[in-house]
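First, one chain by itself in structure tokens, the form predicted alone.
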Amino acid sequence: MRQSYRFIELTIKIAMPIMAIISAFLLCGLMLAAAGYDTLEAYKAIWMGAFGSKTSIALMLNKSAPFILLGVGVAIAFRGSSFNIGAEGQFFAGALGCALSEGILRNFNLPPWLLITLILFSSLVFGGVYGAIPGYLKAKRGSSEVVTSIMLSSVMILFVGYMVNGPIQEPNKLYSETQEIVEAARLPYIWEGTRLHAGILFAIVFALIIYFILEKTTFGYKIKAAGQNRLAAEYGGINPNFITVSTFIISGALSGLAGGIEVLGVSWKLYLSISPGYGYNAIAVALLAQLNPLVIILSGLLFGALNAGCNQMSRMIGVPAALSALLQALVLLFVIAYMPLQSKIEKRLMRESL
């Protein structure tokens, strides 16, 4: 009976995200049809833009890397019962740390592997430190991490805007961006004939590491215990304030790393529009995967495919590229809408299995 319950529970966990994706595509298809577009042609264009060629697949994987890292970062904070809504700001903090450290380290003639390692480490540190602020405010001051993290996100984005228009603006002072990074600092390409960079490997490796921490270590058990019942965890000897701060630091560090990888692998410079909303969409990535780091790899790939595919659709049949944001928002909407249903079914199954 117990095995049967677990099988049904697993089926439900798989079915609900699939239902959310299908529902989002169906509703979006109706909107496209109402606007006078050919829905099948639009979705065919999305597929071709994400999987139609080596170049398309490489672009899709490049766009998936930040979604995976940010999604895993958001997930570990959520698993510890901390709602990190400021991943976008931590992404920019990491990108800023990357640009600043590259501007210094370029003068030391370091080997590429060491130069890239140091720059990405600085992105981790910048993102982790910035993520620690809302964690500390929640743990020590009782502040709402939702409010503080999203406010700090706006602060960092505005600060980056000031930096790229002032202290670290490119030498000619013509554009709101930094000087292009040196070639030695760029992430290597890993697929011949394409611009697929090593960032996707970093994203997958860190997703696996976080999964191992959550499922196979004492620290991971403490995170999940504090997330499920803060008072019970404290009674059991777990310090929930430590869990809050540490999960925010890890979440911010992963978000910062995503920013660094975007600079070193794609843009090669820092500018204000470097993120199309990666940090905010990462919430949908994490929730769609039900906060499971392994499944986040798949949901991150989905969102990367939507971004790459919708850009192609816009070029092929003239549908606005903003459809990508609409689809992602609808996926999140349906994930949230199906959560009460999933919870109700699981509770009923649990009662019947007892």
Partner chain sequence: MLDTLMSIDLTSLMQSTIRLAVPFILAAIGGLFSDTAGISSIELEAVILIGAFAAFAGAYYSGSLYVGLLCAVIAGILLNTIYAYMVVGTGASAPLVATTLMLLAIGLTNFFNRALFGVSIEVVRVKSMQAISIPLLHNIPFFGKVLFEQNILGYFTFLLVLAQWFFLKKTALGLEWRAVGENPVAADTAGIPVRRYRAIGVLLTGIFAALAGAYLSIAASNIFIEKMSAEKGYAAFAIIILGKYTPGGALLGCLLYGFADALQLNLQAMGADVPNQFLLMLPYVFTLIVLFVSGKGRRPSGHGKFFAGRSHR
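Positions refer to the first chain, counted from 1. Quantities reported herein were computed from a predicted structural model and do not represent experimental measurements.
One more form of this protein, predicted in complex with its partner chain, exists but is not displayed; see below.
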Self-check item: Proximity to its partner chain in the predicted complex (heavy atom, within 4.5 Å), stretch among 239-247, 107-115, 141-149, 202-210
Solution: 141-149
Self-check item: 298, 317, 57, 31 - the one with a heavy atom within 4.5 Å of its partner chain in the predicted complex
Solution: 31
Practice problem: May I ask you to check whether residue 175 falls inside a 4.5 Å heavy atom distance of its partner chain in the predicted complex? | Solution: no
Quiz item: Counting only non-hydrogen atoms and a 4.5 angstroms cut-off, does residue 268 reach its partner chain in the predicted complex?
Solution: no
Exercise. May I ask you to state whether residue 162 is within 4.5 Å of its partner chain in the predicted complex, using heavy atom distances?
Key: yes
Quiz item: Is residue 40 one of the residues lying within 4.5 Å of its partner chain in the predicted complex, judged by heavy atom distances?
Solution: no
Quiz item: So which residues in 283-316, when you check its partner chain in the predicted complex, have a heavy atom no farther than 4.5 Å from it?
Solution: 283, 287
